[in-house]
Every structure is written in structure tokens, then in C-alpha cells.
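The chain that follows stands alone, in the form predicted on its own, written as C-alpha cells.
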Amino acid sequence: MNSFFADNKLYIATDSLDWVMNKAISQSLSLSTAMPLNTHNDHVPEKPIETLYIHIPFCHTLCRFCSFHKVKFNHDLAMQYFQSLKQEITHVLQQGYRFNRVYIGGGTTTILEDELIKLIEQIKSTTHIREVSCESDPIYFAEGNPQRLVGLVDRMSIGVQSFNDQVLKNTGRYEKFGSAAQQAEYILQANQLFPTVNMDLMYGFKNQTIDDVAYDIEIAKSINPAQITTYPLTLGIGKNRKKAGVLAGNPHQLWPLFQQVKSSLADHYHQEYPWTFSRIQQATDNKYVLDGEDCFGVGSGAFGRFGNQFRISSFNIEQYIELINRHNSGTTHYKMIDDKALMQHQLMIMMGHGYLNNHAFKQHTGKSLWQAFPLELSFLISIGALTKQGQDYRTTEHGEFVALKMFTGFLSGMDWLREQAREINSDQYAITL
């Protein structure tokens, strides 16, 4: 009975949280206040930016529910694009920007293997980055030459989403990437090639049961990737809400599905965040989790955020190439983000991490947790998401679920940002030309 009331209290709280987050995202991530960026007067940070994000916006076929910036593959245009991308990266490094990691996403990152290899080799030969991560479609391990990326890519992230053939058919992934059994075989191949393989899984599909999720996790564990990322399908905001609604199940079913994910993975994987599980538990250092969130984006369709500045690159490939030819930069606009929004993002990360360290937070922001979040902490404690521990706070299992909902809200916000970026009119872009 107590569990029944606690769970219903959680549903009411997360329904309210969804509403509040959608409203906050609409305000804090609106591009209505975005301004043209003059990169000639760039202030280069003294410290390295954690991640250089590189976007490859080409696909042979377009997945109907993907919100990322992508276009149908055209060989000549893609070749021009890679040349411009290498030119932009060279310029960024010459300006003095430094990075710890590189993350290559898309689109289909491996669509031109030769050019991708040249790009990674260029970065590795001119920087001291410690890790290159690359997204990949499962079918690449049947149709491509992934062995050519051995020694260049440290972490390969592969999106499967489900090992249920009906779900794959409903999402359009079956005809594009093959059956669940075929995709499982592809990831087994990846395990033999790369130091770290991450597998993406989703849950919360229409008519999906707890047993369905348990089956997905058991298959994932049998493949034994180093990392499994799991997150629920959510409706989000903007145009993508309608697309996701075709697939999404009852949001009140996400809590038992999340519990199933946790319990199924507990014997083989360590939970780093409610959405990330690693096969080997790695020691964390004293930096806690407030650093390492900054990112610099290059390529058409890329975003970046460091300090209080959020940057948007051109979402038009031809225009991006022209910008590179003229200015060596594809970034067109920036938006300032207030301290409160950044601290709310940090709250999400801390809750996901499981521990809210008041001293570390105050060193990082100049404020105590209570000074920064009086209303938020009161709410989270009242619904049983946090428990106080001296000056600090610990996340309960209900709190982990709340953090997960916050994280998926953040992903929905990024979808909405892409939607807005596509719609910024040509007159605004012309200012940068």
C-alpha cells in the first residue's frame, strides 16, 4: 500500500515536472534572442574545452523519427563538406582552442570512410585529445569496413533501440538496419574491434511490457558491450512531439520499465547515471561532476556551449560551405544562457550522479545548493526524490527517475533547438556573410 501511494505521488510529481520543464525549455532555449556571431573577435578560453563535437549530416536513407540535422547523401556535396569541415577544424585549432575529447555524430558518420579517417588522423596528429568517440549505424558492420577505424576510434556508440523486431519495424529501423538478431551480431563484431562499445536502447514504446524490456536487457547483456545507454521515449515539445506520439506508450508506465532496466542490469553493470550503465566501475576523481559539460561544435547542424554562451552553426550545408570559404567558421549565431539555467542543468547531472555535494557546488558556483535551489530542493525532498545527509543530499530511486525525466526533457529541448535553427530565416544568416 505504501508503495502504491509513493508511486502515485511520483506520477503526479513527474507530470508536474514535465509541464514545468517544457515551459522552462521554451523560455531558456528559445532562439528568438539569438544574435549573429562575429568569430573574428573570439575570446579563446584558457582551459581546454572538454569536447569538440563534429557533425556529419548525410544519410543514404532518412529515418522518419530522427530529429537530427541530416540530408540525403550526395557524393559531390559530401566531398565538399568534408573539405570545409577539415578547414574549419584547422582554423579552430589555430585560434588556440584545445579539447580533451572528440565526439563525431550524425547523420551517418561513416558515410565516407576515407574522409572520416583523414579527419580523425588530422585531429590526432595536431592535438593531445585523450579519446575519440564515434556514432555508428548497426548496418555499418555489415556493409562498411570498420576495421579501418581500429586505432583511430576509442569509443564506438551504436544505436539499436530495441531487440524486438516489431518495434524496429514500427520505427522504420528494421528495413534500414536489419532484424534484431542481425543487429546483435553487428555489435558482437564491434566488441572485437574497439576498446569501448556503447549500445543505445530505448523503452516506453506503445504496448511495450516489462517482459519486453527485460528481454531487451538480457540480449544486451549477452552481447556484453562496455556501456549501455538506456532512456525512455518521450513526447517532448515542438514538431517532434507529434512524431514521437505515434510511438510512445503511457508515460506512467515508464517508472516500472525504469525499475526493470535497473534490476536487470544490476548484476553485470554499474549505474553511472540513470541513463548510463558501464560494465566496469571506474573510480571518480575529486572534480565531482560539475566540470566537463562544455562543448564546441563544428559542422553544419552543430551546437556548442561553453561558459554562458550557446552557439549555433548553419543548418544549411551549401551555406555552411560558403561560410567556411569566407570566414573559416560555420557558426552563425549565439545565445547567452543565464546562470540559473546552467545551475539547473548541473542539478540534473548531480541528481543523476546520485550525490549532491554542497561544498563542491559552492566552490563551482559561489552559492550553496539551498541558495541556488530553495524551491527545487523543497519540491524534491517533499516527493521523496532527495534525502538530506549533513550539508549534502543523496538521490533516492524515485529521485533517479526524476533525474532521468529531467535528462529526457533536456534531450527534447535539443530537438526543439534544432527545429528553431532550421527556421532561422535567410535574412538573419545574411548578416554573417
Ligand SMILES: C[S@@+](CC[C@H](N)C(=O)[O-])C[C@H]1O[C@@H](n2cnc3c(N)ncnc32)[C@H](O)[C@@H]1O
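Because the structure is predicted, anything quoted here is derived from the model rather than measured. Residues carry their position along the shown sequence, with the first being 1.
The same protein has a further form, the form predicted together with the named molecule, not shown here; the description that follows concerns it.
The named molecule is not shown here, but in the predicted complex it comes within 4.5 Å of a heavy atom of residue 159. Taking the partner from the other structure, the named molecule in the predicted complex has a heavy atom within 4.5 Å of a heavy atom of residue 234. Although the partner is absent here, residue 136 is a contact residue: one of its heavy atoms lies within 4.5 angstroms of the named molecule in the predicted complex.
At a distance threshold of 4.5 angstroms between non-hydrogen atoms, residue 200 is in contact with the named molecule in the predicted complex. For the options 107, 274, 146, 204, the one in contact with the named molecule in the predicted complex, meaning a heavy atom within 4.5 Å, is 107. Think of it this way: in the predicted complex, the named molecule has a heavy atom of just one of 406, 37, 372, 66 within 4.5 Å, and the residue is 66. With the named molecule left out of view, the stretch that reaches within 4.5 Å of it through heavy atoms in the predicted complex is, among 99-107, 148-156, 336-344, 216-224, 99-107. Taking the named molecule as it sits in the predicted complex, the stretch 165-180 comes within 4.5 angstroms of it through a non-hydrogen atom at just one residue, 173.
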